[in-house]
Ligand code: URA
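Form predicted alone, single chain, as structure tokens, below.
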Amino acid sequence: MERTRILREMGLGPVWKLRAVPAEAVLDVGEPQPASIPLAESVPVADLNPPLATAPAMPGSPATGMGWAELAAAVSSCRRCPLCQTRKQAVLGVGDVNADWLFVGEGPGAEEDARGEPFVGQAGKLLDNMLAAIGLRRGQNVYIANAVKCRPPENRTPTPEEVAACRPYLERQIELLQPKLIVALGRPAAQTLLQAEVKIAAARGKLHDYRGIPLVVTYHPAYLLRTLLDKAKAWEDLCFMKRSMPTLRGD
């Protein structure tokens, strides 16, 4: 079975045999069950976490009113922070520009910097498996981006100033996409989007709000490669996203 193979590659094969988890709750991902979604428990992130002490957005946003082609050109030539001095190329994003699903990570790594596409290599393979497990596929109703568009040296966490310099580009991407659901992959992405201190454990399993667009917080695939036990929690998050989406479409 294709889903079984994908779950095995994600390292989740035996997890769902635990007696504490009913089989139907984990295997019937393709059968939406809106009644089981804790939508009434959707909590503004401000109620969970204090405001984030971030650098203010740089004046004179470079992205106002831009279309996709203009945005790509602006990002590729951007000199708004020191990351431009060490990058090989800026990485805007990849995928369907009419997507319902937007996945946002932290920033490009070495392979992304070399290839110009987000989430390649082992973390990208895991993300692709995560998408496939809930019936999604890169490039088909899915767009993938990062909070910063240039690789931080040694893959370190971006500074508040670097995030602030890039934030107008991500904001414009979201304005152009108008996704039905945003998925923040990891703490830096969640904090960039929600502008608040975020603890993944507290923020999971809830619908947050980004300027009127529902947002879900989960773990970054690179973190999951290092912390195998949390893959089960990531699968729970994927199931929550899948069940939630039918209630957000507005069809």
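Bear in mind the structure is a predicted one, so any value in this text is a computation, not a measurement. Start at 1 and count along the sequence shown; that's the residue number.
Separately, the form predicted together with uracil (URA) exists; it is not shown, and the next lines address it.
A residue is said to contact a partner when one of its heavy atoms sits within 4.5 Å of a partner heavy atom; His220 meets this definition for uracil (URA) in the predicted complex.
Contact annotation: Glu106 falls within 4.5 Å of uracil (URA) in the predicted complex, judged by heavy atom distances.
Interface residue remark: Glu162 is not counted as part of the site for uracil (URA) in the predicted complex, having no heavy atom within 4.5 Å. Here the chain stands alone, but in the predicted complex its contact with uracil (URA), taken as any heavy atom within 4.5 Å, falls in 118 to 126 among 164 to 172, 67 to 75, 118 to 126, 80 to 88.
Along 203 to 217, no residue reaches a heavy atom to within 4.5 Å of uracil (URA) in the predicted complex.
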